[in-house]
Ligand SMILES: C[S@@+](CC[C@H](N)C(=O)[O-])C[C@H]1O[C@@H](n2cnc3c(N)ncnc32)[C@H](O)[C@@H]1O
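In the form predicted on its own, a lone chain appears below as structure tokens.
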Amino acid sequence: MLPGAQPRAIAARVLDAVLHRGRSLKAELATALPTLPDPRDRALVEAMCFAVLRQPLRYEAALEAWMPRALSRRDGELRALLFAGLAQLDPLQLPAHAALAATVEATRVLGRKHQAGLVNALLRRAQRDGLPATDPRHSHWPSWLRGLLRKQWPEHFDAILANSAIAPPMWLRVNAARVGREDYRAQLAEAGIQSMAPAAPAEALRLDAAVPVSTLPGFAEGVVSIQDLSAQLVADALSPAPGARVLDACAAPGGKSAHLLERDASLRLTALDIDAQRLQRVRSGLVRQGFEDRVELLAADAAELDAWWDGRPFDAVLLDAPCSATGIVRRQPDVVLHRRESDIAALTVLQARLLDALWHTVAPGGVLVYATCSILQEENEAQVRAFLARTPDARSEALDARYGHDREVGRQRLPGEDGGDGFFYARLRRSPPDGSAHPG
């Protein structure tokens, strides 16, 4: 068997499950990748899957243009393998000879040796002619979602779709308690890794070319972590006072808790998540950074206060709420394949339930930051406006332009702006008992 055939066959199986059987990309990769001992093969599988799922209509259009008859439903694996083969040529730009040979060989791994000639012919045509031009207005985003975005973001609609189809840069968060950002940039440069430092947040570095985490100096020791620019800004929005009592209410995977502790290890932090398994990932990240003894970890439904809260109020609460994930499609491209219109109504009910419950845990004069990785108004400014209307002791505090477009009760970053993900932020202050405004 040719080297490289196995990862291409695995990519085809993953893509078949996601595209044709409604499976989660994350779940499929979690099962498939451990079967490949070579990290380069694992990276190749991920790269092919993400490239296809960001722009599946490009590859579907090529097959429609070049094949006299459409593939049958029974040929889902073959279609997925062809998509993976085309993605290797564009946009991954892998060496054509090796990509074609290994992809053709993958037909044998999949038990489709009789279709090797078809795969070879189609990929050679793609190599010779390039992919057919497609109308950029066509999108695999569902029509109901495109309609919402066009209505809510008319001036930004095309950019949202375009940026969501592009691989994001790799964002690092330097652990300021261990090393300065410029000193770490110098370490990266010595390792042959070029980086860029934005004005904010203070710990962020951007790598336009992604690298394996094993090549990052000090990664295993917690000197640096992977976290998108927009997610890093959450710590700026919360800005708890030194030594404050803080709740991270939907903490998994744990990057925001770790970021807060990197800034102030004296914080009294409680990290809560409804999923005990995901909470283990939080624990693992904290262990890597040496913070495992600084955090109280609780597996519970944040809205069921009687199940976990001891009645002592928090000075600052972070609610990074469950949402549609429409701001991070470039990172989770299967979101738009699986999301249903009814999901949005269910999510807004859940978000409101969490907001109402967690507000009781905020100390008078304290702050709650509501954040999502959604770009839909229903989950963001409309959610916050409704909360403010029914919560007399809550008021919105202004955030500056680094958090994106002004939505009056919060700020919205859109996908790709400054290289970051789509993200919403609202900072809510609980009035002191006498009802006076907080000076901050």
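From a predicted model like this one, the values you see are computed outputs, not experimental measurements. Residue numbers run from 1 along the displayed sequence.
Beyond what is shown, the protein has a form predicted in complex with this ligand; the following relates to that form.
Undergrad: Ok, 77, 273, 334, 203: which has a heavy atom sitting within 4.5 Å of this ligand in the model of the complex?
TA: It is 273.
Undergrad: Of 235, 251, 87, 106, which one comes within 4.5 Å of this ligand in the model of the complex, counting heavy atoms only?
TA: None of the others qualify; the residue that does is 251.
Undergrad: Decide whether residue 292 counts as a contact residue for this ligand in the model of the complex under a heavy atom distance cut-off of 4.5 Å.
TA: So residue 292 does not count as contacting this ligand.
Undergrad: Do residue 352 and this ligand share at least one heavy atom pair within 4.5 Å in the model of the complex?
TA: No, no contact at 4.5 Å.
Undergrad: Residue-level contact is defined here as any heavy atom of the residue lying within 4.5 Å of this ligand in the model of the complex; does residue 302 satisfy this criterion?
TA: Yes.
Undergrad: Does the 4.5 Å heavy atom contact test between residue 240 and this ligand in the model of the complex come out positive?
TA: No, residue 240 stays farther than 4.5 Å from this ligand in the model of the complex.
Undergrad: May I ask whether 8, 40 and 95 each come within 4.5 Å of this ligand in the model of the complex, counting any non-hydrogen atom?
TA: Negative, none of the three is within 4.5 Å.
Undergrad: Using a 4.5 Å heavy atom cut-off, which of 97 to 105, 210 to 218, 151 to 159, 255 to 263 contacts this ligand in the model of the complex?
TA: Heavy-atom contact with the partner occurs in 255 to 263.
Undergrad: Taking this ligand in the model of the complex, which residues of 301 to 331 have any heavy atom within 4.5 Å of it?
TA: Heavy-atom contacts within 4.5 Å come from 301, 302, 320, 321, 322.
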